[in-house]
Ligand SMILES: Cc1cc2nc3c(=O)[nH]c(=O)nc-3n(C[C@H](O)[C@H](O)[C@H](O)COP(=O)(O)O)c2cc1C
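Shown here is one chain on its own, the form predicted on its own, set out as structure tokens.
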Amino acid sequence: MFGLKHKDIFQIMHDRRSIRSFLDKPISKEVLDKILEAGFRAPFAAQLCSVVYTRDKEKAKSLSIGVYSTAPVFLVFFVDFVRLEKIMKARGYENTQDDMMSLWLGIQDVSLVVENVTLAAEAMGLGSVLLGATPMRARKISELFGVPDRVFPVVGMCIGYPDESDETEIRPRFPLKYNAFEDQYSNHSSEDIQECMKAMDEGYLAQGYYIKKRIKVPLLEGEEDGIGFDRYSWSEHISRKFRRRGESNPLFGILKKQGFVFDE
């Protein structure tokens, strides 16, 4: 039914990888609705998630957040305060809670829905890729899709039938013992950190991920880059991305412009 792949849920989770090239094959409303219904069966704090999707590739491209041109459907997952506040008004109440805590709960809701959608799509023979820069285009997204204030885009997703000719590999992860701890957090030793880095770096280097994509985060002005693509891997990439703490982060201001209020 619906081209369903009969795969064990654990196999789906372990085999899942990001898809960036899709077949020219439409997703029927029946299939998409089935996937989204499964998405909204996720656990929730207050049902603070909403989704807007489009099949209009030009509209999706205009957002300038890296939507993949072959994706037949583009979705945006939102934290939605408007629906909750209308429910509260219908009951004679007003939302006076600080928005920071509500956003925290809403992001939990969105994250759980997104994971369910991801796995449901995989079970139906589709693939997906997430677009993390989506919040930076909140105003443009709001204008394009008629989204009111107090509804905020958390993440975008391209979804479609994978083009199997575009080979993508399953990316490595940290060994479980460095992620999961019983009874007490384990403060990693330098040897533990080296093992984490080795698991990730050797995996990415073996796959030639950054070489194939020619992706490299530039160093700061005046710094000499002595690491070639033959040694440039995950730990170097993620370190360069997160070292830029001193740069201005516009997200807080974007949230305020979208109607969110924070106690100072």
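We number the residues from 1 along the sequence you see. Here the structure is a predicted model, which is why all the values come from computation and not from measurement.
The same protein also has a form predicted in complex with the named molecule, omitted here; what follows describes it.
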{"query": "The named molecule: the contacting residue among 88, 130, 100, 193 in the predicted complex [heavy atom, 4.5 Å]", "finding": "130"}
{"query": "Selected contact from 25, 17, 256, 243, since only one has a non-hydrogen atom within 4.5 angstroms of the named molecule in the predicted complex", "finding": "17"}
{"query": "Contact at 68, 155 and 173 by the named molecule in the predicted complex, all three, heavy atom at most 4.5 Å", "finding": "yes"}
{"query": "Residue stretch of 131-139, 184-192, 73-81, 89-97 approaching the named molecule in the predicted complex, non-hydrogen atom distance within 4.5 Å", "finding": "131-139"}
{"query": "Contact label in the predicted complex: residue 204 to the named molecule, heavy atom within 4.5 Å", "finding": "yes"}
